[in-house]
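Given next, in structure tokens, is a single chain: the form predicted alone.
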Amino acid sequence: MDTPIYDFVKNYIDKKSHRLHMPGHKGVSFLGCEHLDLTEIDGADYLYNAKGIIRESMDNATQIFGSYRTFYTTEGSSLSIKVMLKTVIHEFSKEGETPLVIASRNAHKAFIYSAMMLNFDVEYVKSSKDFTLCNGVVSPEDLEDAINSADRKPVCVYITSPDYLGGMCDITALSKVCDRYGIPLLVDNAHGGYLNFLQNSPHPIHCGAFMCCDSAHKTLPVLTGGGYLHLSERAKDIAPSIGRFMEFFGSTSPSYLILQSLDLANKYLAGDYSKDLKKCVSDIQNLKAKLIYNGWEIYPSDPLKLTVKPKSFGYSGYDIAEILAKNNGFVEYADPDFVVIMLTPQNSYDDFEFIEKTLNSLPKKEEILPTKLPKLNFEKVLSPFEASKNEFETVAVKDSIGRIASSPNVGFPPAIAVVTAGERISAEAVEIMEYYGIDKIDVIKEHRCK
């Protein structure tokens, strides 16, 4: 498979071109990569209206993923989330009616900020599962209940899968529910770009999603910020709007380093990647088996995550993260109950050996009993857009009971809100925020609340 973006830049470098344009570093090396960094000069194409080398490269990605169209983003899934929502609102909202989006509760803060900018209402699916910060597994029955209880037809359903712990929704089943009601399904597949390359691909674009986005950099060999926005065949009529709305939200100076990374990844993804991925998944399964044999509890997750529930072994998630860090091993995420390790084919044998030896060398201690978090009910007072118009102040979480949140309060990662913009903060919410180490929150100033 050809690599038109990278080839253009390499040819530019080989000609020892006079850099009479941006960027200001002029190819002089401080980091070591500046010579590869360009901007939209003649022949380099334009990301949001691609007709040349970028369009050729995106067509390669379209072929690889089997979508109707795949677009690049150099601003991760955060940009794609805004574009997906803006597009369905533009296409499917009724004049004079505030659009409604039904979403899973574990939506990334980029979704909430979209609601604050685009002025749509949000109704969250009430999951039948116990609350955890990251859990977002929605059943078809939960989704159908949410659609039937809504006061108007939503412009879309928005699902996050895989979630931060690796839990996966049955996208095929959810898409069938959406189809029955004539509602497009959007999927934040930020953690699942690699799913396309598994046998019997569970990637959302093959399971009935109208649109979905991948953060390529999370699980594929792509520089941070590289991502994809995929359109299904049924979304082909909105394809002309995508570039326009990407330009609406995105930087006018997209990174050519990231674009080259996406471009070069195509060649690997179309070649040996599936074979390498299959071996990696097998190695992860073997690692899990060794840990389980030694007494560790492993949480069910997508194939590239190792999610450990260490309390039954006598440790918190924070404890395990700290132990690994002291030995120069740094995890993706930890909280009191879980530690999440993300692995890819680019991890070495030494990485796998390090995890197994470090964890299995720890003495088993007295079990830490799980903390039963209170049931959390969400009282919506204002829409996220209305909340954003009010003045706010930052207060200690312990002093916030009864106040109205002005923005999503999140720990990062996973950038998922316990209480989000426009919701009243309950004592139960305070208990949960404190459990996850969140000690400050932005609230609407009282004199502006009505």
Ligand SMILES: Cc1ncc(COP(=O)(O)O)c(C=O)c1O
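In case it trips you up, residue 1 is the first one in the sequence shown, and so on. The structure displayed is predicted, hence computed values, not measured ones.
Note that the form predicted together with this ligand isn't included here; everything after this is about it.
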The chain here is shown without this ligand. Which stretch in 211-219, 175-183, 89-97, 144-152 comes within 4.5 angstroms of it in the predicted bound form, by heavy atom distance? 211-219
Consider the chain as shown here, without its partner, and state which of 123, 319, 335, 75 has a heavy atom within 4.5 Å of this ligand in the predicted bound form. 75
Of 164, 194, 71, 256, the one that lies within 4.5 Å of this ligand in the predicted bound form (heavy atoms): 164
Partner contact for residue 114 in the predicted bound form: this ligand, 4.5 angstroms, heavy atom: no
Can you check whether residue 260 is within 4.5 Å of this ligand in the predicted bound form, heavy atom basis? no
Even though this ligand is not shown here, does residue 81 get within 4.5 Å of it in the predicted bound form, heavy atoms only? yes
Give a yes or no for residue 190: in the predicted bound form, does one of its heavy atoms lie within 4.5 Å of a heavy atom belonging to this ligand? yes
Residues in 142-160 with any heavy atom within 4.5 Å of this ligand in the predicted bound form: 160
